[in-house]
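Take a look at this single chain, the form predicted on its own, given in structure tokens.
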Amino acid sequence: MDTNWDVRDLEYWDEKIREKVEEFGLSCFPQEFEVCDHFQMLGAMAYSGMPSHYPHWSYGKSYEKLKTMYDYGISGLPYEMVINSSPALAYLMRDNTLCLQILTIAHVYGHNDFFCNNFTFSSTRAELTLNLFKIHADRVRKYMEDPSIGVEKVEELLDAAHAVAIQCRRNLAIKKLSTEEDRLRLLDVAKPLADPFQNVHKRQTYVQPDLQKTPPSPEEDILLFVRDHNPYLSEWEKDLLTIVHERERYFLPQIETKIMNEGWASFWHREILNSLHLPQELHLEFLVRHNQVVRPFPRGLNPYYLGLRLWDDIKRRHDDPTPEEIEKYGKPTKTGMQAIFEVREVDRDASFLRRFLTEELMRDMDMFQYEPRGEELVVSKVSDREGWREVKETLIKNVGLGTIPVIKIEDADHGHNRVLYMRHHHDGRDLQLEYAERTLAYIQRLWGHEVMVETAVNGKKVLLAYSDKGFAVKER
């Protein structure tokens, strides 16, 4: 395969692809590309694609692990990596063939359009991203170089912050109320409803909400709550918690839209390259590369494959519905292109699968559910008429943040002893106790007092606690 290309070839094909991007109606941030070797790509992967990132030992560990797996042929490198920023930044591997570069460039514009238009990315401030990460890196290095703080204290705090950073608000489209606004809401909710037949009905009782409790309502943002309510944290510690929280909030939409995003980019690289009328030798390689990317995995889930199948099916159901689909869903009122552009703005993976993953599509893809039994993996559910809903629900529970337990702070002064009391919103999946112990230890390090989480293990209500005496499990 031909690797004899230069930057002028990339510029030529980038211009051709941008013409197609405009023709198809995609709307993107300005796009920049960097050509890198495999060492630079490994470094970008360790730093989540960011050209500038605050230092921490875990990123060096990640680089060494990625490099070792690459050197021994255990894993390869991605064809590309693209950052949600404005201008968007993408890395191209120097050793890729010209066809693969063309495919990658088209794929990147698909991601770019998704970043620019999907609602989950609207709060990421793409125009500030690169500068923001650089400012964060400079601040962390400043603390490390400060003789009164130093590397050890900074990395110890970052360890704790990284452990709980994902425990944050999941739907940024919902406005977060201030403490005072939340108390007013609780007062309003507690008021009895107006009843014109009060003389006949039993008198409604008024339950006074506890307005002294902090937080007034359960709180998801653990890092921000600790930052704002632990008076013993110094300013540099509060700043580090803010930096880690902002980093996590930036990556949250990418976690929530992996299937949609990769399927969307795959859909558009296919459409764009098919419309370019590539020379035969490039087109044949494109077919091979495309099929390698979107093929189903023998075990596990390929988000490129699943996402592309759903986008194709949404478009088909609007452009060429079957009589059964017309009877079930009604006659389409928009074209397939109109439908997919609308969906790419308003959904995330969980809602995308819930709305558009049909029984017929699941059966066509031979989707099934498996689970470990002893040392073997056994198929437990298949997408037949009895089992497809359960397979679908299991899938939805395991995409995006569905694999992250929902834990909220209930009381920051439990027992009037500054104990941080949290509750795990159990969905049938128990916490893994070894991880719970280590995570609670980190929260206790940040809070400075005993921390507890109410949960269930093997069907029994328990209280997991961590204090200066260590970890304890108590039955409720």
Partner chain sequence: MSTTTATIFRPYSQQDALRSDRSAGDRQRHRQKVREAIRGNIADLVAEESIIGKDKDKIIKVPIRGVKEYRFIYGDNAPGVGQGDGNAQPGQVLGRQQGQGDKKAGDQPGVDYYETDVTLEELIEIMFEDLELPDMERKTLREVLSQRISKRKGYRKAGIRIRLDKKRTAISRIRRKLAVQRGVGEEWDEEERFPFHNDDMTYRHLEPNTRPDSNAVVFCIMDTSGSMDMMKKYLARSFFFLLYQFVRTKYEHVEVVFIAHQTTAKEVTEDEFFHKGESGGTFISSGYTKTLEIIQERYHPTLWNVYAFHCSDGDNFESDNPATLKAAKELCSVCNLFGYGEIKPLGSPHYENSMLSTFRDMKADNFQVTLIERKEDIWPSFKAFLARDKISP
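Residue numbers count along the first chain shown, from 1. As the structure is a computational prediction, the values presented were derived from the model and not from experiment.
As for the form predicted together with its partner chain, it is not shown, yet the points below apply to it.
Legend entry - Residue contact check: Val379 to its partner chain in the predicted complex, 4.5 Å heavy atom: It does: once its partner chain is placed as it appears in the predicted complex, Val379 has a heavy atom within 4.5 Å of it.
Legend entry - Contact flag, Leu92 vs its partner chain in the predicted complex, heavy atom cut 4.5 Å: Heavy-atom contact with its partner chain at 4.5 Å: present for Leu92.
Inset, instruction - Considering only heavy atoms, tell me if Val419 and its partner chain come within 4.5 Å of each other in the predicted complex. - result: Contact check for Val419: no, nothing within 4.5 Å of its partner chain in the predicted complex.
Inset, instruction - Check whether Met337 has any heavy atom within 4.5 Å of a heavy atom of its partner chain in the predicted complex, and answer yes or no. - result: Flag for Met337 set to no.
Inset, instruction - Spot the stretch among 230 to 238, 267 to 275, 104 to 112, 327 to 335 with residues whose non-hydrogen atoms come within 4.5 Å of its partner chain in the predicted complex. - result: That would be stretch 104 to 112.
Inset, instruction - Could you work out which of Tyr305, Tyr143, Phe286, Phe356 is the residue within 4.5 angstroms of its partner chain in the predicted complex, going by heavy atoms? - result: The option sitting close enough to the partner is Tyr305.
Inset, instruction - Name the single residue among Val293, Leu186, Ala163, Val343 that comes within 4.5 Å of its partner chain in the predicted complex, judging by heavy atoms. - result: Selected residue: Ala163.
Legend entry - Heavy atom distance at most 4.5 Å to its partner chain in the predicted complex, all of Glu155, Gly402 and Asp427: All three within 4.5 Å in the predicted complex.
Legend entry - Residues of 415 to 438 having any heavy atom within 4.5 Å of its partner chain in the predicted complex, listed in sequence order: Heavy-atom contacts to its partner chain in the predicted complex: His424, Asp427, Gly428, Arg429, Asp430, Leu431, Gln432, Glu434, Tyr435, Ala436, Arg438.
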